[in-house]
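Take a look at the structure tokens below, where one protein chain is shown in two forms, each on its own, as structure 1 and structure 2.
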Structure 1
Amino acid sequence: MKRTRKPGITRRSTLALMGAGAASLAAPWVARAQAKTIKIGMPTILSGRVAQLGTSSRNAVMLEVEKVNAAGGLAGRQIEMVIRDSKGQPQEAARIARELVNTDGCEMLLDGEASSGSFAVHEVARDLGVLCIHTCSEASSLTADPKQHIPNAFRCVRQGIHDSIVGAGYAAGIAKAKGLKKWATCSPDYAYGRDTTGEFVLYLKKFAPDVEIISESWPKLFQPDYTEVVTKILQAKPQALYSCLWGGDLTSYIDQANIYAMFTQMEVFAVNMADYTALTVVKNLPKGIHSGDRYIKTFPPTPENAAWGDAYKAKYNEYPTNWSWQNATAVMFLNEAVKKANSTDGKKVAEALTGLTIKCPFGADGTVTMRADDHTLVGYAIGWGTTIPQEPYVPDVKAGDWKTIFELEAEWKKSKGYT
């Protein structure tokens, strides 16, 4: 990997001193080298409509970094996070990522961007060869498409295809039970929205062949007014609606759709609803929206998950978000990979990350794995349920089956020409 050379002590000069018999001088030099902080750069969205998600990413990272530093750091090196605001603009995210490495001396990147920015940061990581963990982008192609694969990049995030397989299975059961044959979709017009909606519809029709999509809407990312979208859906008169709008876009959409009582006229499946950032912001949360789990402290229903959610709230006076657990897990992976590699060298850490399984509060069985063949996260808790307007918000989450996810994901990859 390309490394930014900094003035001062290098491994070569340290070895030269030792080789010259300067053992009495070498020990202090080595001690100072090991004590040097390791800078980790993080572009994320800290302003604009989805700033709450970027802030929650930063908060979760710092919560875990404090634990790592208190335990001695990464291979004895204290972590210094360098976090910058991309404003949700892909070009700015790429510019910041390059600057974090080349100017600020960051040796690793946590890419806290939405999919619109992550593909841009990915190209910077490809060019610089720096270790990069994507922590927010759910667009399946980021790691599923072999053309995107680089040995130094990983994705520590739930993935759209996983959500779609579980969500479509859940939705198909309800569609069959209630006779929901006419469906509409409304999702953001960029890679994540297009990909995830297509994958959901693919599996919905596989599990419930009678389903028909009678209306599609693709609002722009961060669109302020959804009046035209809402009225288009109402005029089509679907029996059910799927959406993967998220963050501030989702809450604005729901608030505006409430004016037209849209949620009383059809069954709604909004994969990103069950996240505290949406659940607590919507003015009048409709009862009975179906959603995938994002972050709620009651799923997975384990003491470790509940304790992590409470610790986050105690520190930041609000509950974490979906982006929070993903960013926290990335720091957990880095910590364990450095221990395994016994080094902070990016190439060695990347080799240690590949196929690594760690204990994690967010794992379906208490562990998660960085899958070796495509560098993406698997084994996390995933499920769907129905919202209520007060805590616990989604009282009964039906967990997805990873055996089924793996089988159908493999078929999907083959159909896309990825394998």
Structure 2
Amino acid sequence: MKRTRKPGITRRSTLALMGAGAASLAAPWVARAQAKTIKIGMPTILSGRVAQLGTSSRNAVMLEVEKVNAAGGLAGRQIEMVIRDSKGQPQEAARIARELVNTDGCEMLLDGEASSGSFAVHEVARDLGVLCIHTCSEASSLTADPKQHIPNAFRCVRQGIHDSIVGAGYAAGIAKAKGLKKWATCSPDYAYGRDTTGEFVLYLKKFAPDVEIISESWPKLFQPDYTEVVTKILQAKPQALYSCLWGGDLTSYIDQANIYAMFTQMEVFAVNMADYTALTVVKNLPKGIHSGDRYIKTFPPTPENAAWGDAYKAKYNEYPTNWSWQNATAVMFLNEAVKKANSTDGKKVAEALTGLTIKCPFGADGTVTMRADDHTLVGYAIGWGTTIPQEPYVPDVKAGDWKTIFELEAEWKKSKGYT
């Protein structure tokens, strides 16, 4: 049957016209909704030797941002993360941070840089006055030194001094129990290695005064061959060894020291061992290495922490890193601070962040706090335990005592002239 076209406006045309009219009327609302998006910039290390850590930071941030967006965003504004690779170079980190704010319109910064990059981004935050949360640098002076303090910058990261106090307390207990008096140290030859080792030894001697350091080794950063260092330590015949080697350096060192059966001849304390990046890479993980927690889904031993670790693994097919939980916590803080301030204005969010306590899977008591006087993270789960060669790798972590940490940290700050 042949269909004839009726004169005048058809029903379909009418609907189309109505649709077009509605769309044009709605256009300003759509545009406004898009403008409501809040951009957060993140310079981090996505290439080079520590790219894995930068990638794990990005993963963790995206995991949390998706949750915040699904719940309606920050004060009703969907978060758009703008994440750029700084290649671990401070000048690039500074350049990217400026560009993210000045050109890309980011209203806040999550600084996913290692120490040197963080100090560069900190100066950009000082210059531009933008809200900035450092999420990776453990250098204590970033927030402990009052000269560094700016009202718009915070640090959501564990601290070297906290690690040293808890580690030395744990090590002193074992030293006393097993009579470990002769100690050796083996740490990377740069500021982090020397600072952390110095602080560990300081507190170890404070807790166990009869300890003596009989050998010190300072291998170069990214040194490929540790034979010379291992043999030097073996010749000194210490009863215990402390090391703050990390990442590829630590795993290479352990693989090479295994050949000399070093781990059967002394107690080893390696602060950076208990992170999945190190635990899963070592070919034959020795049993009984003492280590501080970095990220372990069994510490704190709570369902929330385990669930977060499993969710990360399910999404990215690998376990998170130490940088992951710190970055995730930063997003959690932002979310809560915006709720408290009922605004996304940087100044108001900064005021809300100051002294804020939030529920968090990584808290020692289920909460963490952004300490008001120095804008740094406290109350996170921190402890030491011993390794086994398979999951859960560090089955029994002994938690550090935050009361002791606060007391000794205050003394340390005084000795450094910070207070």
Partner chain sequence: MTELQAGQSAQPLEVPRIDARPQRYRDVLIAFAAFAVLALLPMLFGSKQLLDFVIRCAAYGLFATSLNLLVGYTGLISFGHGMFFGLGAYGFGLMMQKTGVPIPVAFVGTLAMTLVVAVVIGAICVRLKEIYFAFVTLAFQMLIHSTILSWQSLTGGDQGLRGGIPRPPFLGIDLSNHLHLYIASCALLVIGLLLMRQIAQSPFGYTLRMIRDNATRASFIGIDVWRAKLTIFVLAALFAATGGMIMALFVSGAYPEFAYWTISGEGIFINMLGGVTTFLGPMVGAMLFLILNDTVTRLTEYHGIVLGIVILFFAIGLRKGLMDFVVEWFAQRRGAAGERAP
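For numbering, take structure 1's sequence and count from 1. Note that the coordinates shown come from a computational prediction; the quantities given were computed from them, not determined experimentally. The term rigid core refers to the most C-alpha atoms you can superpose between the two forms while keeping them within 1.5 Å.
Comparing the two isolated copies of the chain, the second one is the form predicted together with the partner chain. The rigid-core alignment places the CA of V130 less than 2 Å apart between the two structures. Relative to the superposed rigid core, G309 undergoes a CA displacement smaller than 2 Å between the two structures.
Once the rigid core is used as the reference frame, the Cα position of M332 differs between the two structures by less than 2 Å. Relative displacement of the V282 Cα between the two structures on rigid core alignment is 2.3 Å.
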